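Taking the form predicted on its own, here's one chain by itself in structure tokens.
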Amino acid sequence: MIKIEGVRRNYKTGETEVKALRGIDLEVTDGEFLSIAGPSGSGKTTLLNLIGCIDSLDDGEITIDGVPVSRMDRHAKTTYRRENLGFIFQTYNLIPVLTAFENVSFVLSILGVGQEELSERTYRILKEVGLEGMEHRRPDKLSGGQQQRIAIARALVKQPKIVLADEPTANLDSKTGEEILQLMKQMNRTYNTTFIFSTHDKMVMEYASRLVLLHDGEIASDTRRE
């Protein structure tokens, strides 16, 4: 599904050039539950942002389902990201004035989904993530774990093939974090959705069926567990 070839990304910090990624080669197949891990500055978030069409690389190529997304201009990347990828963030990134239902259904409304289908899909995914009966509560009336469940529902409601999760358990206690990971693993199996995590959380690494460790912008190890 995802093919990453010779990817390099450099940043300027004042007069200093930081080599965030130094020639990454990686392939990700359908339905993987993959963690990209490493210390701060290893390049894991940079790599996630490149896969997610949020950032642009300096050299190399990234293709998703045969589509060379790294060659797209900014507008094309935005359209591709909106239509094909789901995102889960450590800070949830919910719209505070909208209810759980509205936060999730907003994604479908942008894609032009009709009202009947929009409602059916939104209610169904909120039930699947354990929020039945809480559809009309705003984020400030929900716990951190419940807010992250909304974020998962929002990422999955458009039925993407790939979900990218940046430190999704960072703001959760260990018990809630494990519940969230179990939920994402269940969704991975139910929908065969590919999950790719950027993390330094050992629990996320343990749940992953494949663990890629980065160090100084290079792949230090790549381990499959099942």
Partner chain sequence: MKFIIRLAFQNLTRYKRRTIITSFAIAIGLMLFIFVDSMLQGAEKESELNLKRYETGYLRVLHDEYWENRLMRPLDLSIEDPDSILADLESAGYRATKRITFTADMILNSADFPEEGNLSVFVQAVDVERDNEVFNFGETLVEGRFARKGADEVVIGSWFAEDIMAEVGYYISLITRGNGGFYEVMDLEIVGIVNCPNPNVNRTLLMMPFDTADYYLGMDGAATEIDIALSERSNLESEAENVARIVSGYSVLTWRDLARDYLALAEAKRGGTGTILFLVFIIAAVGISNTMLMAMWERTRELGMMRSLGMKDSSIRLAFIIEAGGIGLIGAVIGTALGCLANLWLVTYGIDFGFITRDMDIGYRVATVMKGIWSVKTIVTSLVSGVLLSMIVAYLPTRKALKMDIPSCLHHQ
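Numbering follows the first chain given and starts at 1. For clarity, every value in this text was computed on a predicted model and none was experimentally measured.
Keep in mind the form predicted in complex with its partner chain is missing from the figure; the text below concerns it.
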Fill in the blank from the handout: The one option of 72, 113, 98, 134 with any heavy atom within 4.5 Å of its partner chain in the predicted bound form is 98
Practice task
Consider residue 194 of the chain shown here, and say whether it contacts its partner chain in the predicted bound form, taking contact as heavy atoms within 4.5 Å.
Solution key: no
Handout entry: Contact flag, residue 67 vs its partner chain in the predicted bound form, heavy atom cut 4.5 Å
Key = no
Practice task
Verify the contact flag for residue 138: yes if a non-hydrogen atom of it lies within 4.5 Å of a non-hydrogen atom of its partner chain in the predicted bound form, no if not.
Solution key: yes
Problem - Contact test in the predicted bound form: residue 93 vs its partner chain, heavy atoms, 4.5 Å - result: yes
Practice task
Using heavy atoms and a 4.5 Å cut-off, decide whether 200, 207 and 222 all contact its partner chain in the predicted bound form.
Solution key: no
Handout entry: Residue stretch of 59-67, 41-49, 176-184, 24-32 approaching its partner chain in the predicted bound form, non-hydrogen atom distance within 4.5 Å
Key = 41-49
Problem - Partner contacts for 54-87, taking its partner chain in the predicted bound form and a 4.5 Å heavy atom cut-off - result: 54, 55, 74, 78, 81, 82, 87
